[in-house]
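This document opens with one chain alone, in structure tokens, the form predicted on its own.
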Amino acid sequence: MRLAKYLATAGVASRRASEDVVRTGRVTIGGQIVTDPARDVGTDDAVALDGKPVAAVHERVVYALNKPAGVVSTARDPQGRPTVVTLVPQTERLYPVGRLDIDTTGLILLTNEGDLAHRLTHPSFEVEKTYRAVVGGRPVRDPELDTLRGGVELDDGRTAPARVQRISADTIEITIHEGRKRQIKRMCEAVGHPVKRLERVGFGPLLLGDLPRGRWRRLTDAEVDALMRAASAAG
């Protein structure tokens, strides 16, 4: 494993930031200063940052899954329903990053890094999520879009301003950074448009794209770094 990746998996910083840490001469291997982030590191190498030992306990992995309807967004389900964790490789314990309702489809992330899952979902970090909603009722009008953009009064308080665009007469995209229960559905209902189908199409800088329903892919290091930056910038 390369040194920068080793530091990232140890939780020192993102991979890119770890490269900068190495270049400044703060890292040693076997007591010798190393300034090359691409230096290979073995399991027996003694790596230290500012003189303190650093150990990469495990390699951080993040999967993007296009969740089908009928699948529960938890690690396990007492009712025996299929869960998102069962749809991806289970070489180690995985955490769903947030939740989607059982009938909601689309992008959900899974990771073996609990701190990353926390940073991507906790409201204080304000990481954006984008949803595409097919709604009932009359065609969506501009005043209703403006209401959604400005904030909607719900039973648990007014929502924060959202980015909203009309895709067609009965389809809108909404980007929020909050994570209230059934928030998108309740927002749409509040302006007279009950949700018929809901799909998450974006999580921070990551887009669902053409990933087929029920399929997964492992994120690249660059994509994971982009997620970390999104959480750091918002928090």
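When you see a residue number, it is the position in the sequence shown, counting from 1. On a predicted model such as this, the values are computed, not experimentally measured, just so you know.
Below, we turn to the form predicted together with ligand URA, even though it does not appear here.
Residue contact check for Thr104: one or more of its heavy atoms lie within 4.5 Å of ligand URA in the model of the complex. Contact annotation: Val84 falls outside 4.5 Å of ligand URA in the model of the complex, judged by heavy atom distances. The shortest heavy atom separation between Val47 and ligand URA in the model of the complex exceeds 4.5 Å. When ligand URA is considered in the model of the complex, Ala133 lies well away from it, no heavy atom lying within 4.5 Å. Note on the interface: of 47 to 55, 201 to 209, 22 to 30, 175 to 183, the segment with non-hydrogen atoms within 4.5 angstroms of ligand URA in the model of the complex is 175 to 183.
Put simply, of Leu100, Ala162, Leu109, Val127 only one has a heavy atom within 4.5 Å of ligand URA in the model of the complex, and it is Leu100.
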